[in-house]
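One chain comes next, on its own, written out as structure tokens in the form predicted on its own.
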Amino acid sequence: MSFTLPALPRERQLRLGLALLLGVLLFALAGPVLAPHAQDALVGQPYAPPSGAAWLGYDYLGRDVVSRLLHGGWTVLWMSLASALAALLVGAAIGILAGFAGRRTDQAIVWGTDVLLAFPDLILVLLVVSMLGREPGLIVLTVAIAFVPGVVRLARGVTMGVAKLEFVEAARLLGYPAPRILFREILPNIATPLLVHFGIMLTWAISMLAGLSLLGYGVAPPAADRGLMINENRAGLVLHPWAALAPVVLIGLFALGANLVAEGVSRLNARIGTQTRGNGHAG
């Protein structure tokens, strides 16, 4: 069951989630322009407290925490979005193929996803990054690969359900080519669960990327990455907690916004489906 975009703003949870995501996006885009200092500029004493010149004080090297936060918003944003989107596109394509194709293709794809699912996501990412390096593109690719099996399973399951419905069978009997059936009959009817899963993956990606930086396997210093900021300043929590807590708050708001959007879309779709079934019975 699909929904229309004009219905989205009427859902309060969606409005809140979209507002948070929009705020994070604007913060990331405008941050480097608004930052009073460069991301690696040493402008104060290590762990100096907040003042008029530095609203959140200075980090362990004497860099302005506000400037680091403003410069570091784009990294986690683009990496989490890119990894979740890549996993969605690749996993959905493979899953739809598995659910629509013949038995042998389906079995081969299921076997491949089972092999990848045997590796915990974080362990797989840590293994690849520790061996091949900490380049942002490689991290995004590895996180996306870790998410693909879950998308494949979801897309395969919903495709198999839709492929048994009457309108798909009618399209097959009429001789429509497989690409037309996939893109015009099946894909629009499985878009909602895939979009909901995309929001969930976005939350996972944010947490995983922040966790990698916290463990020292994320973006390399002196980049202003928020997970890296937590790792760099955690030793000074007693002296100056804001250097580590401020990036935690911003990462949490980003993850909360993505989670609210995913859950809001799911609830909205369930409500529309219930109303549609009720109208159908009434008719």
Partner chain sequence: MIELSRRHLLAAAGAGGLLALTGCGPSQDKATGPGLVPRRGGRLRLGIVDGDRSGNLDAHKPVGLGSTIRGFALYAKLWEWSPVMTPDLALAEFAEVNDDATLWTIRLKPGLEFHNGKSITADDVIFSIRRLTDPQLASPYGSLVNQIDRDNLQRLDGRTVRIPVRDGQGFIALPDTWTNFGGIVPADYHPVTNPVGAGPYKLKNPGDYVPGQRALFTRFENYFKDGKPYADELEIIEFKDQTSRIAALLSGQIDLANALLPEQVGLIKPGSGARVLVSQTNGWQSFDMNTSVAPFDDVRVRQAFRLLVDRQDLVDRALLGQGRIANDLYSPHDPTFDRSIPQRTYDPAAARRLLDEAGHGVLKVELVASPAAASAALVFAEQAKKAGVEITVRKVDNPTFTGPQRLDWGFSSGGAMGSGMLGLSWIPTGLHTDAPTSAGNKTHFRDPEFARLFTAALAQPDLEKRKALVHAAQRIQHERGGMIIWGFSNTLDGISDRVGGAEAENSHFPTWRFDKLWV
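Note that this is a predicted model, so its numbers are computed, not measured. Positions refer to the first chain, counted from 1.
The same protein has a further form, the form predicted together with the partner chain, not shown here; the description that follows concerns it.
With the partner chain omitted here, the record of contacts in the predicted complex names 43-51 of 241-249, 29-37, 254-262, 43-51, defined by a heavy atom within 4.5 Å. For the three residues 112, 120 and 204, a heavy atom within 4.5 Å of the partner chain turns up in the predicted complex in no case. Heavy atoms of residue 134 reach within 4.5 Å of the partner chain in the predicted complex, making it an interface residue. Using a 4.5 angstroms threshold between heavy atoms, residue 61 counts as touching the partner chain in the predicted complex. For the stretch 189-221, the set of residues having any non-hydrogen atom within 4.5 angstroms of the partner chain in the predicted complex comprises 217, 221, in sequence order.
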